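One chain is shown next in structure tokens, namely the form predicted alone.
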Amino acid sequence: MYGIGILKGLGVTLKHFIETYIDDIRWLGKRYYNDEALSVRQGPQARGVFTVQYPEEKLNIPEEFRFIPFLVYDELPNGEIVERCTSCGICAKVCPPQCIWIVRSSDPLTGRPKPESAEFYIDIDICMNCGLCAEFCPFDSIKMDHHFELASYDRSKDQIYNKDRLMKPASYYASIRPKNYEKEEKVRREKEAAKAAKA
């Protein structure tokens, strides 16, 4: 009666151990480091050890995966870059760990604030990747990235992202989140059509 659970657990371990070698023979050395074998190991036909051999093997990242935020800018046909961020500060206000810092730019002649940021910083060591900044941004200027390999040796230099490191084109956003991008562009086109109809 006692110890049956332990024996059952050891039996499962032994089964996986043996099936690993049987699967290695079946794949003839092609079990790892190719997409076909990875999809089989991650599916219901998996036998033996099915651990992903990271970093040589990587799982496909789902579209809704989110990691650190980035700033989106639009590229006009003439090559001009238009920042979407107006430095309204909503992202910094809703950020739970308060890891976003924005410095608004101002007109040198009048001293009045301009709708663009002079400086924009995100401390990615503090960021908890919740996505609230992207959710609350009224201008669709901040989005969540798929890039998650951020290890470095110098925190002050590599882990505090400035505006230059955060800026990415809308085409990049479209490549990592095509469904979301298409939905947002459809809404944007409808709003522009409604404005044109009123004018």
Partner chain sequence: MPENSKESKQVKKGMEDVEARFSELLTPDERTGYGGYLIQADHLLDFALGVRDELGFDYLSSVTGVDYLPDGKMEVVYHAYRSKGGPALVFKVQVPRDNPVVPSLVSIYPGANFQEREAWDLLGIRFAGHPNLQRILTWEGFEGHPLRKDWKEPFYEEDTKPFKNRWPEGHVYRIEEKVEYGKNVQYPANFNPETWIPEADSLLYTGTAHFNGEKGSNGRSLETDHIIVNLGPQHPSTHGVFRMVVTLDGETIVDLQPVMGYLHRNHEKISERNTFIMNMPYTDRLDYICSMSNNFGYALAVEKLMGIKPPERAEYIRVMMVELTRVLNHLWAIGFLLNDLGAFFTPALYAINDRELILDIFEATAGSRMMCNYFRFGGVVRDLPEGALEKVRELVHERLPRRVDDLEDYLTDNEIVRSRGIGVGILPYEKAIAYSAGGPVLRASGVPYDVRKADPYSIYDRFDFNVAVRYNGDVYDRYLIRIDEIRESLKILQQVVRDLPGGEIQTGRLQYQVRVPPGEAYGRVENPKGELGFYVVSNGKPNPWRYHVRAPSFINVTAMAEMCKGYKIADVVAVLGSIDIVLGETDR
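Here the rigid core means the biggest group of C-alpha atoms that line up within 1.5 Å when the two forms are laid on top of each other. Everything numeric here is computed off the predicted structure, so don't read it as measured data. Numbering follows the first chain given and starts at 1.
Below, we refer to the form predicted together with the partner chain, which is not included among the displayed structures.
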Seminar exercise, completed: the partner chain in the predicted bound form has a heavy atom of only one listed residue within 4.5 Å, and of Lys30, Arg155, His147, Lys58 that residue is Arg155
Exercise. Applying a 4.5 Å heavy atom distance criterion, does Lys198 contact the partner chain in the predicted bound form?
Worked result: no
Exercise. Does Ile90 make contact with the partner chain in the predicted bound form, using a 4.5 Å heavy atom cut-off?
Worked result: yes
For this session: Classify Arg84 as contacting or not contacting the partner chain in the predicted bound form by the rule of any non-hydrogen atom within 4.5 angstroms, answering yes or no.
Result: no
Exercise. Would Glu119 sit within 4.5 Å of the partner chain in the predicted bound form, counting heavy atoms only?
Worked result: yes
Exercise. From first to last in sequence, which residues of 128 to 151 have any non-hydrogen atom within 4.5 angstroms of the partner chain in the predicted bound form?
Worked result: Met128, Cys130, Leu132, Glu135, Phe136
Exercise. Does the distance between the two CA positions of Thr20 reach 2 Å or more between the shown form and the other one, the core being superposed?
Worked result: yes
Exercise. Do you see a C-alpha shift of 2 Å or more at Pro178 between the shown form and the other one, with the core held fixed?
Worked result: no
Exercise. With both forms fit on the core, is the shift of the CA atom of Leu38 between the shown form and the other one 2 Å or larger?
Worked result: yes
